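As a starting point, one isolated chain is supplied in structure tokens, in the form predicted on its own.
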């Protein structure tokens, strides 16, 4: 039958099913194809902490949300337009988020008594009228997948596992996406198992042609390519961008990259990605624990490497003593903290902004360290590069904060030209004349002298060092002097970082101050309110210790300061402590990114209500 094609500006799709249904793979393939089509996009993977939660249960639901558009977008979307529900549990968990009138595509084959009971349904939502506010498309996905794969000689279990590709093919048809990129990926992925490759491609095409032939759909939809800045783009996650950022920094500095870590969600992919760059001289080390990883990284730094260690909150706590050692030794080190829900094991697969106070103050003694934070998945590249630049220039450990949303989320990244990246000069001390391990340059930075360099022998260790000579010293006045020198060095970094910019008017009624992964939601809500006539501005902080040197003046230019965070007010506390300025807090700690719509209402309330 003939079907019309409707053009849409943007769409938010959420794929949801059991943790064994391949929803992350499905969402990733839809994302990669959408990137090739040229849409702007933002993603939000969400999956259980259990390796394999009981099938059909609510806590075993895995989902992948994708927002794609013909315009510039900044968030994965607050509420989906489309929910692909592979079983009753997926429907029950995610129905509350679906927009009224939204489209639900359900796999009716999974709505049997067993799965309905596991999801806590007394009656089937497909027949009891509870879905009357939505467009419901019922598709026997499992049955149609099995029919498409009959005669291939595969077991029923293997054929059933292909049903996610049927759903993917159907969504490709509905939103006018090509299947060829996924077919190429399948051939590469299952090159040694051609029968599995053929089965997945058959299921994909069966879903696509089902959309074309069924009378359930009267329309297809099209989202035209976005008008992005010209250049070479690739779709990238935050962890991929972080890995590429430190590789680029090591190449620019002309020194080897050494990455040591212990597997921890959601930071592990940085190690996985870096292990593929051996041809760039990258060495990766999976340590037996977090403490060993930090110790190995400090040793690699002493030996002249760009040393990086990655972790999440629990691992950052374990590394803290060794980071204090790195501060005492004054050696360059990048610590990537991919924040997750806490405390303790907390919510391992969920996002949070709860480590800011810890990385700022969470070491014994007076041990200041620079702290910077990425704003978007693609921005992880720039900030990883910047963390390396600061660490090497100022001979200090540097914390780079990302989070679970940034790490696993993705967006188009404009690949920079290597020649345009800032220089990272490295100068190892080689001349023994007048060498002292703790002499300092104009930035209070001591020389980087590699072990084994003739005439440059010097001791390192955790005991306090005598100024200039580096000898062990218990002298009270020397300790006071060294504590101040290390603090002044870190504070002096403020002159080497950009001034804080303000989006919108430079003074006025209200300034929204944000940091980390809240950037997209905040900027989206600010843009919408400005279009409605509200006089508000936005300052997003990437440098958190030290703060930009003009931040105090920026804050004084506004009557009200509004600070949204996925914690209980950690940046708010730092701003109040540093600048004695009152702030209006907005804090949600749900393990999910902030929603721009709820932020918008909170800002209106802070201004005294709607106009």
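Not measured: the values here are computed from a predicted model. Positions refer to the first chain, counted from 1.
Although not depicted, the form predicted in complex with a further copy of the same chain is the subject of the following passage.
Since the chain is shown here on its own, which stretch among 500-508, 202-210, 131-139, 339-347 would lie within 4.5 Å of a further copy of the same chain in the model of the complex, judged by heavy atoms?
Contact-bearing stretch, as computed: 339-347.
Could you spot which one of 191, 365, 120, 425 gets a heavy atom to within 4.5 Å of a further copy of the same chain in the model of the complex?
The residue from 191, 365, 120, 425 that makes the contact is 365.
Tell me, which of 386, 355, 379, 330 has a heavy atom within 4.5 angstroms of a further copy of the same chain in the model of the complex?
Among 386, 355, 379, 330, a heavy atom within 4.5 Å of a further copy of the same chain in the model of the complex occurs only for 355.
Even though a further copy of the same chain is not shown here, does it sit in the model of the complex so that 17, 112 and 375 each have a heavy atom within 4.5 Å?
Checking in the model of the complex: none of 17, 112 and 375 is within 4.5 Å of a further copy of the same chain.
I'd like to check something about residue 484: if you look in the model of the complex, is any of its heavy atoms closer than or equal to 4.5 Å to a heavy atom of a further copy of the same chain?
Residue 484: yes, in contact with a further copy of the same chain in the model of the complex.
So in the model of the complex, does residue 592 come within 4.5 Å of a further copy of the same chain, heavy atom to heavy atom?
Because a heavy atom of residue 592 falls inside 4.5 Å of a further copy of the same chain in the model of the complex, the answer is yes.
Proximity of residue 152 to a further copy of the same chain in the model of the complex, heavy atoms at 4.5 Å:
Although a further copy of the same chain is absent here, residue 152 would stay clear of it in the model of the complex, with no heavy atoms inside 4.5 Å.
With the partner left out of view, is residue 552 within 4.5 angstroms of a further copy of the same chain in the model of the complex by any non-hydrogen atom?
So residue 552 does not count as contacting a further copy of the same chain.
Stretch 570-604: residues contacting a further copy of the same chain in the model of the complex, 4.5 Å heavy atom cut-off
The stretch 570-604, when checked against a further copy of the same chain in the model of the complex, contributes 570, 573, 576, 577, 580, 581, 582, 587, 588, 589, 590, 591, 592 at the 4.5 Å heavy-atom cut-off.
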